[in-house]
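This document opens with one chain alone, in structure tokens, the form predicted alone.
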Amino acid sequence: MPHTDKPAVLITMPHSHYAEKARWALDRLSIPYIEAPHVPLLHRLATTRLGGGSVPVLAHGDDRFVDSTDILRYADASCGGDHLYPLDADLRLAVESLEDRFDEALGPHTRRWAYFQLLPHRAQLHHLMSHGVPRIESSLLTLTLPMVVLAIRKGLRITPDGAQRSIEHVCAIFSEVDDLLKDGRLYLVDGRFTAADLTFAALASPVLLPERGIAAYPKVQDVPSTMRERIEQLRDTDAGRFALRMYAQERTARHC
């Protein structure tokens, strides 16, 4: 931990599932922090000042962490280790391999598919993106939302074909997790909650919309019918039920 009594500052966007991954780790390990949520585009003013790009970015004293995985590792090490990452080298490698897999092959695709479903619904989108942000940013979002939507569509290559490919990637990862769970295990690695479980649940959240989540997501009953149908299908898988159980049982604060 840095030599400072000041809490860490976590830069987020309200609806970011990668920010939720970082937030979950800090909450679980009871690491004091102040969340600073920003609307899309304006978030760059905060993250670039701290040496980052997108969210999340964590600043604690002189330390800067500009990746969700780095934030998890920092949180774990700050509490002495063996909380989110096992001390055993082989078990840690198994956890980190799954975390990397979910970061790269799940998170981008749950995001793209959810954006494709929600971008046409501007009022709902404004509500989600402005949750908890400074009032002036919420007001500015009213004017900049068309630009934000255009930037998201272009930056994430959101098209009907792209969304279809993404949901196929999501289903493939869910099938991989289904296979892991077939032996009756309660957690993905080491018989206990680790960064692998946290990462899967957090990055799957845009296609599950867990009630216990902290990220600014709509309720299942409030999303378009095509989105709701797919969410209900994914919830009714072993992987979906597992992620929702992680939120119900493990999305709580624990002390180091």
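All figures in this text were calculated on a predicted structure; none of them were measured in a lab. When you see a residue number, it is the position in the sequence shown, counting from 1.
Another form exists, predicted in complex with a small molecule; not displayed. Remarks below refer to it.
The small molecule is not drawn, but in the model of the complex it has no heavy atom within 4.5 Å of M246.
When contacts are judged by a 4.5 Å heavy atom cut-off, G53 counts as touching the small molecule in the model of the complex.
Although the partner is absent here, H17 sits close enough that one of its heavy atoms falls within 4.5 Å of the small molecule in the model of the complex.
A residue is said to contact a partner when one of its heavy atoms sits within 4.5 Å of a partner heavy atom; D27 fails this definition for the small molecule in the model of the complex, lying far away. Using a 4.5 angstroms heavy atom cutoff to the small molecule in the model of the complex, all of M13, H43 and S68 count as contacting.
Heavy atoms within 4.5 Å of the small molecule in the model of the complex belong, among the stretches 218 to 226, 186 to 194, 55 to 63, 27 to 35, to residues of 55 to 63. This chain lacks the partner; the member of R101, R73, R111, H126 within 4.5 angstroms of the small molecule in the model of the complex by a non-hydrogen atom is R111.
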